[in-house]
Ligand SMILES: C[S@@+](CC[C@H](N)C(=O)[O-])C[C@H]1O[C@@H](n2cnc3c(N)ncnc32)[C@H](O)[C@@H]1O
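Take a look at this one chain, the form predicted alone, written out in structure tokens.
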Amino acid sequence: MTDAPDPASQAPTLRGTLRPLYRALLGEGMRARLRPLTYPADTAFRAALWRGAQGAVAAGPFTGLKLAPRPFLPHLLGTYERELHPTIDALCTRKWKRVINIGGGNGFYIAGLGRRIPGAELIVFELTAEARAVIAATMTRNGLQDRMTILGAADQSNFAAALGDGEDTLVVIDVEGLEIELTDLTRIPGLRRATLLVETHDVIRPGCRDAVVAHLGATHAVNAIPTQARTLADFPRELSPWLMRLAPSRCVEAVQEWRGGPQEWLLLEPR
């Protein structure tokens, strides 16, 4: 059998370019309800994956995390942002007093980290009320509700208040370009002692990556992690070997994240 063509290895598609706008305009719950209509051929395929995974992340650092129904398939498969998996595993071996996730989406990161880092205070910022409800449900599904605080949109003021002095604090940021403002050490002094994992979005706001480095490069060691292409080898074979044989191209599509172009994550650790 030959591997299906890998969409991530081709030039950015219109779908990839528009996806960040689609995500910004529609909440996670609305996107989930629209997917069967937007991609009708995927309905049976998604149902088979959901049943096979029993509604929990199938692989990766957050294996076993219970998800809300109709999840983003890379979340369910456990392939989401696989470039970060070694980094996440390493971070989860350390003791953290607090984990802050800015741009919580459906709760994948804050709940996944919460399961891996027992006892840490969990704070998540998310813009929309609909997404915040999904996060709350995900946290409850995973028994994390007693450690969580769910807040609205982050700005420099409320982030600084949540961060405090930043000691023993892990911060994960995915805010579609606002990472520039939220890594400004002059406005948020607690960043000096915090460890950050920041997704940069030059595809949306050119210069984001360099601005974050300019803000924190003098105080933090910077490790850049670039995006990588997805192939059939990324699909978790143990979840459904028969789907890999019968529908390889759909399995390749299932692990795509439909980014608008190459991106980088920055791991920033206090010097």
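Please read these numbers as outputs of a predicted model, since none were measured by experiment. Start at 1 and count along the sequence shown; that's the residue number.
Just so you know, the form predicted together with the ligand exists too; it's not on screen, but the next bit is about it.
* Touches the ligand in the predicted complex: G103 (any heavy atom, 4.5 Å) -> Taking the distances in the predicted complex, the answer for G103 is yes, it comes within 4.5 Å of the ligand.
* Considering only heavy atoms, tell me if E126 and the ligand come within 4.5 Å of each other in the predicted complex. => Judged by the heavy-atom cut-off of 4.5 Å, E126 is in contact with the ligand in the predicted complex.
* in the predicted complex, does G152 have a heavy atom within 4.5 Å of the ligand? -> Yes.
* Partner proximity in the predicted complex: F159 to the ligand, non-hydrogen atom cutoff 4.5 Å -> No, F159 is distant from the partner.
* **Residue among L144, I117, I88, V175 with a heavy atom within 4.5 Å of the ligand in the predicted complex** => Comparing distances to the ligand in the predicted complex, the residue within 4.5 Å is V175.
* **Region of this chain that lies against the ligand in the predicted complex, out of 106-114, 136-144, 184-192, 163-171 [heavy atom, 4.5 Å]** => Selected range: 106-114.
* Asked: Can you tell me which residues in 56-88 come within 4.5 angstroms of the ligand in the predicted complex, by heavy atoms?
  -> Residues within 4.5 Å: H75, Y80.
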